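One chain follows as structure tokens, the form predicted on its own.
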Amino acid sequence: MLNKQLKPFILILSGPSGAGKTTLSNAVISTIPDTTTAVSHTTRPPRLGETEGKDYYYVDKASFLALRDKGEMLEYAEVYGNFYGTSQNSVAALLELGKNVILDIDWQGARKMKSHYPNAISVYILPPDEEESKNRLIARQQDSAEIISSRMSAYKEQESHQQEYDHTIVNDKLSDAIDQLLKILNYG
């Protein structure tokens, strides 16, 4: 039986590449009614199978910086040579509809979001170890060897910020990680 938590909530998921943030996010969305992800803006090109307005809003660098300079971004960061950010409008519109909002953002974005929404629940997701992270990136076949190498070189830096989060989950066994996340949200 699901216990309803006060709605709407904001869930911030962060962690190194290959930790399983998207998989956990999808599990929460499929389990907790009225839960969705806030669609972020990015300057990186779409990956195979990604859809404009569903996965990201794909914009060029000038457009992104114009949004940032107008103060329309709650959080933004340059990661792996591309800009990523969440607009005020995307989060506010979902909250006004009573939707729970999940943000898959890095530690820099999480800091900024917590300053805007101090009651947001922040969870840092870790793979069992660095090697497993690399194996997951290779297995998903979405990035070149160069991009994977770049992501792995940032692993230790990203991992060093986990203490800034409300909770940490090691995603070793997916079903256990999902259970832990749902308990954090009072739905387990």
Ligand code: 5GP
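Predicted model only: the values in this text are computed from it and were never measured. Just count from 1 along the sequence shown to find any residue number.
What follows is about the form predicted together with the ligand, which we do not show.
Visitor: Would you classify Ile102 as touching the ligand in the predicted bound form, given a 4.5 Å non-hydrogen atom cut-off?
Guide: Although the ligand is absent here, Ile102 would stay clear of it in the predicted bound form, with no heavy atoms inside 4.5 Å.
Visitor: Since only the chain is shown here, I'm wondering whether Ser40 would be in contact with the ligand in the predicted bound form (any heavy atom pair within 4.5 Å).
Guide: Contact check for Ser40: yes, within 4.5 Å of the ligand in the predicted bound form.
Visitor: Is Asp106 a contact residue for the ligand in the predicted bound form, using a 4.5 Å heavy atom cut-off?
Guide: Because a heavy atom of Asp106 falls inside 4.5 Å of the ligand in the predicted bound form, the answer is yes.
Visitor: Using a 4.5 angstroms cut-off on non-hydrogen atoms, would His161 count as touching the ligand in the predicted bound form?
Guide: His161: no, not in contact with the ligand in the predicted bound form.
Visitor: What residues of 78-105, in sequence order, lie within 4.5 Å of the ligand in the predicted bound form by heavy atom?
Guide: Counting only heavy atoms within 4.5 Å of the ligand in the predicted bound form, the contacting residues of 78-105 are Val79, Tyr80, Tyr84, Gly85, Thr86, Asp104, Ile105.
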